[in-house]
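A lone chain, given as structure tokens: the form predicted alone.
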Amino acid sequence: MDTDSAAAPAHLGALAGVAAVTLGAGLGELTALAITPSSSPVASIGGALIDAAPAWAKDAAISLFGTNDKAALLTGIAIALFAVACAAGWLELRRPPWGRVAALALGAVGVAAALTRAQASPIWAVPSVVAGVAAALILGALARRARGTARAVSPATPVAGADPDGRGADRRTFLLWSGVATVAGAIALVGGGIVRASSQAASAVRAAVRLPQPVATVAVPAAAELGIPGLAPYVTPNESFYRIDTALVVPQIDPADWRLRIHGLVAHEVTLTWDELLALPLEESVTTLACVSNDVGGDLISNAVWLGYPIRALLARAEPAADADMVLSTSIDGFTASTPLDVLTDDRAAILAVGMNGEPLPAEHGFPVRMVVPGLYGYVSATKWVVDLEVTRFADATAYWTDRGWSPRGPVKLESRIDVPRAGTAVDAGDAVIAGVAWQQHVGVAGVEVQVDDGEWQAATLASAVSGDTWVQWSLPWRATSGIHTLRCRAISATGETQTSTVTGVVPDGATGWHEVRVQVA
């Protein structure tokens, strides 16, 4: 063993590893911006982890972090990378060149992850190669500096504080360069992420899109809004619309390059371009989308006014085979969903959507084109960035989430939620209101009942709704008395079904049970 290596403090090796790996990752991120954001080593590894994670892990992440699940994943990757970097630095200090080997191995992991992504080409490997090689070279240089600090404080120094050979400056130089590398790498990582996010959120291409006037419009009645503070609005603003998907990096698609292919068990294969889609008679519709991972009372549900073209009309062109019963939709990032064919060919507003609340789809919600299908959870119907529809059979094909143990069909269940008052909030005694939303898309809600403590169920007042494809607001006056109270709600569907009290989890096809909140009345 090199005596200088043995004498150098271990924490200097860890610092060298963190500095080298951070700068290497930052250089890889900047390289990815020049190629394609999706080739980022961090994004590639994160995407691979999302795909490899078992269903229970994904469900736990969504349950714990909701729409912040991707931020939580990136934080987890950062923590793991920090630990590996510390270990690599220690190895390079104590057992060179194994720390550099570890840095190169990290780059190789990034290469493997990048090349497994949908739409990947060999050039996607370049950012991870840059990251791994840069980290190895920087780590080697910093480790040599760290070993120099050991010589500077060795017993061979004849006088305390003396520095006859000038090596005492090595520690200061090491700390300086380690700090510079760490800060530069962090700036590159964060800055690259900001540049990528801003380019996705304010794409010049999207900003230039002018959607045609719809041939059929919908008017949201004023009576759809009860005007109660704290109650979810009937139409969800785009910036507040929930987002759950598997895309760690939001795909960026130029509409001029977009194509939709309809094939499989069809008489005629159909290909549709962006210009051809916009030339069709587009229609407005209002549909509530819900995530199957939404717990009872959860907020993974939103409502919007969509602009699009009926999928049934495109399928009619293709003429599906008589024995086909499923359409497998595929996103440009490789995500797939299995949608029953009969749902896409009946009279509901199942559309290829290009607009959302009066503007082109936001990038994170599927720009330029996504599917919107009333009555099904999003994991089997609401494919974003959609580029392929394969007419097939449930017996012959499976989709991303069904491969992970979820139900293949996913009809939305009858549910309701209390928004006002919020659980744990203080309420003044006297006249108050209990309010919320209820839904069962493409069935509709006929009523909502509310129970205070264990008293009689009371009928709430429903607001108006555009159709049974959306949620509906409801409210009930309440004479609040001092103490702690438990409030519950249950919905009644347009077919007479009463929301079940049976409590089930979200797996495999959606949660059930009555939403209840406990409030303190002063």
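Note that residue numbering begins at 1 and tracks the sequence as displayed. Since the structure is predicted, the reported quantities are computational estimates derived from the model, not experimental observations.
FYI, the form predicted together with a small molecule isn't displayed, but the following is about it.
Annotated contacts: 290, 378 and 382 all touch the small molecule in the predicted bound form [non-hydrogen atom within 4.5 angstroms]. None of 443-451, 329-337, 224-232, 270-278 except one has non-hydrogen atoms within 4.5 angstroms of the small molecule in the predicted bound form; the exception is 329-337.
The small molecule is not shown here, but in the predicted bound form it comes within 4.5 Å of a heavy atom of residue 243. Contact annotation for residue 365: at least one heavy atom lies within 4.5 Å of the small molecule in the predicted bound form. At the 4.5 Å threshold, heavy atoms of residue 439 stay clear of the small molecule in the predicted bound form, well away from it. Contact annotation: residue 348 falls outside 4.5 Å of the small molecule in the predicted bound form, judged by heavy atom distances. Checking 124, 90, 401, 174 for any heavy atom within 4.5 Å of the small molecule in the predicted bound form turns up a single hit: 401. Among the residues 100, 147, 370, 413, the one placing a heavy atom within 4.5 Å of the small molecule in the predicted bound form is 370.
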